[in-house]
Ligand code: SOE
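Given next, in structure tokens, is a single chain: the form predicted alone.
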């Protein structure tokens, strides 16, 4: 048996469930050099935390994350709390000698993200690793897109179109949630889902966003409150709460290669449930991927004879495709949860080999700087703003 890697997860809820599946499934699907052990889950509400521990397979539950990160029987701290707590927990965990996985966006501000990146850099000198959870990098079709661009299959990248469209707030009477509170979430559609579009663009192209021109809009400025905290279910309470984040973010950008990019992040795209989409146009071809059809990558080879050209549909389920060796026979589809198993695989292997896992906290900081530049651009009437 391999040595154990004992995990404490801070927070639960939706992302806690997804991360729990990843920790549970990765050692069954892949031959890992260290065995993750789901030791303890932490939350403020004892009853809810206990229920989450029972449901997802955590051995213990606790209420005080500060005590948990000091425990000798914890090796990794997985942070799935709202953004306003990321910096405090991550920096303290790294100082305590724990490896850290932190959900995206890395923080609620550039200053916080900078502090986290510096703490991660210092911890790396002591053999402690930190990673930010941009899991869509690890969807096999998205990783294959990166590999094909790196191999020159579409030539020089000229233009990128990236969007993340959802409709869960299209109803103006949908209730308030912590994601609509700037103090807790940092930003709205921009940071919550736009961060994925930014990171995926930088990941697959191997470039960075250097300047932006954008606009943010809050389409519904008040929503009904719930009697029970910040969830999307509960008993309606009297009164309405102020929405202090953006509902829609749209911006253009320039990449470090000189290529142009357009970005959209919205929670008001009626009929779009989880449509993260990216299309890369090069001088020798193009690639397109959409999360709502996540096992398929479309490839246009512009070097073929004109009578043979057109987008080819690649079903990314072959054993030689990224991450697929651990799963099912070709044609048996993967789902949303598999990216979290791939995230665990990459983190555990990086810890075992003593290298920094990607995306690093420095990568998370780079995305945070783009988010900040978009906000500054919108406040300056969409003026072009350096990242």
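Numbering follows the first chain given and starts at 1. The structure presented is a predicted model; accordingly, all values stated were derived computationally and were not measured.
Unshown form predicted in complex with the ligand; subsequent notes refer to it.
- Picking from 143 to 151, 306 to 314, 160 to 168, 84 to 92 the stretch near the ligand in the predicted complex, with a 4.5 Å limit on heavy atoms, gives 160 to 168.
- Within 4.5 Å of any heavy atom of the ligand in the predicted complex lies no heavy atom of residue 216.
- None of the heavy atoms of residue 365 is located within 4.5 Å of the ligand in the predicted complex.
- A residue is said to contact a partner when one of its heavy atoms sits within 4.5 Å of a partner heavy atom; residue 210 fails this definition for the ligand in the predicted complex, lying far away.
- Taking the partner from elsewhere, residue 288 is found to have every heavy atom lying beyond 4.5 Å of the ligand in the predicted complex.
- This chain appears without its partner; in the predicted complex, the one residue of 179, 137, 254, 300 with a heavy atom within 4.5 Å of the ligand is 179.
- Residues of 177 to 205 placing a heavy atom within 4.5 Å of the ligand in the predicted complex, in sequence order: 179, 192, 193, 196.
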